[in-house]
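Read the single chain below, which is given as structure tokens and is the form predicted alone.
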């Protein structure tokens, strides 16, 4: 069965204060060595189950800021994927881009290299908000970058937005959505700002230097985003993701459907399904350590664990519930050998009774109220 591949590029020009990803600010970075390390890891994985003999369905270059790398480096990785595994016809190959690192030449090079989908980290179209978020670009750079990507032939584009930023108003969010939709991407992601432990924002929050928006305001903004994006033809298909027909992010759908995926690069995670459960593992986080280990033997794992049936079932439920369509009861029973209601005892019945879950046409999904309390629902299964 074809699998999804995640390629992590950890370098950034600066670290955003809200970011808890494995990323490192650097003016200079070892692009050539890191690219060689990625290819060495791919070569090793191509010789091992469950990846050996399987083709790649999607590729996603994430970070960090992958658009800092030269198009030829990205092309070398894609070429290695084709030679070592084979890439399915029509596969979406996505690269995350900061609008401040993209120009016509880079976009043309990425197209030639095989990238066919760009995900722009716009976050906002208000420069004051961008400055607060620590972004290196301004709103006009986003407008130019997205327009240029469309001009050079990218049919699939995503624009990321963040809401519930301290100081942000409802009018600000409406303008952000209006501007993003006006650029005509086929996909928009709209996330609420979170304060993750270990980030600069988290430290500022603890010291009282940042006052988050209240839960009520955040919930209303989320409802506003869903309504406004739908008016522009962007249907919500996942809690934070909206697309026009055919624009869904196939790569992320593999995660939300609890399918196998391979991650290469510093700190990248992987999951290989075996029966109901499987195994997951993760790589060395430090880029220098990752490069050394990958170049030496093609493996740079720093840890891993088996996923038992109970854990796999819980993850299957809470990941699939992120999707607007939820999951089919028959799919759950086929994978885990028991009915959804029987597997989790009294939990499903209580959530149905509380109006957080709905069951329609053999599928289980979150209700409108359940969307507002998705984290609490997910906690019931893990």
Partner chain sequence: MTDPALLRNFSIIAHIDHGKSTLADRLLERTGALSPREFKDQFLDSMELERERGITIKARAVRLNYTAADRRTYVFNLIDTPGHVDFAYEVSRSLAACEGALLVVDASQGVEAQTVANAYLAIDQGLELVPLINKIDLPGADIERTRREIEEIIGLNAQEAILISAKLGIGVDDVLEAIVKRIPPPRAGATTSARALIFDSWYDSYSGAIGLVRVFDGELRVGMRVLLKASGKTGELARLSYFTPHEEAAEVLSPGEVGSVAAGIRNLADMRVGDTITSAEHPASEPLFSFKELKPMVFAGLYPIDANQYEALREAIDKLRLNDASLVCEPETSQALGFGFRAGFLGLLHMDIVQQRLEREFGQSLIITAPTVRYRVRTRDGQTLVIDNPARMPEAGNIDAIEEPYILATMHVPGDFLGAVIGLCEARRGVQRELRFVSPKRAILVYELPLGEVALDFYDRLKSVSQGYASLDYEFLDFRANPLVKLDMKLNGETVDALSAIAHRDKAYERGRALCEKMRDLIPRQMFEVVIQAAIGSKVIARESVKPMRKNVTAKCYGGDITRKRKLLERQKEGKRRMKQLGRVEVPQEAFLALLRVGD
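Positions refer to the first chain, counted from 1. Just so you know, these numbers come straight off a predicted model, no measurement behind them.
There is another form of this protein, the form predicted together with its partner chain, and it is not shown here; the text below is about that form.
**Q** For the chain seen here without its partner, which of 220-228, 293-301, 168-176, 68-76 has a heavy atom within 4.5 Å of its partner chain in the model of the complex?
**A** Of the stretches listed, the one contacting the partner is 220-228.
**Q** Just to confirm, residue 328 within 4.5 Å of its partner chain in the model of the complex by heavy atoms?
**A** Heavy-atom contact with its partner chain at 4.5 Å: absent for residue 328.
**Q** Can residue 154 be called a contact residue for its partner chain in the model of the complex at 4.5 Å between heavy atoms?
**A** Close contact is absent here: in the model of the complex, residue 154 is far from its partner chain, nothing within 4.5 Å, heavy atoms only.
**Q** Is it the case that residue 280, even though its partner is missing from this view, gets within 4.5 Å of its partner chain in the model of the complex, heavy atoms only?
**A** Result yes; residue 280 sits at the interface with its partner chain in the model of the complex.
**Q** How about residue 356 - does it come within 4.5 Å of its partner chain in the model of the complex, if we only consider non-hydrogen atoms?
**A** Although its partner chain is absent here, residue 356 would touch it in the model of the complex, with heavy atoms inside 4.5 Å.
**Q** Taking 4.5 Å between heavy atoms as the contact cutoff, choose which of 209, 105, 112, 216 touches its partner chain in the model of the complex.
**A** The option sitting close enough to the partner is 216.
**Q** Consider the chain as shown here, without its partner, and state which of 237, 132, 125, 256 has a heavy atom within 4.5 Å of its partner chain in the model of the complex.
**A** The residue in contact is 256.
**Q** Each of 3, 52 and 54 near its partner chain in the model of the complex, meaning some heavy atom within 4.5 Å?
**A** No, the candidate spot makes no contact with its partner chain.
**Q** Heavy atom within 4.5 Å of its partner chain in the model of the complex: which residues of 355-382 meet that condition, in order?
**A** 356, 369, 371, 372, 373, 374, 375, 376, 377, 378, 379, 380, 382, in sequence order.
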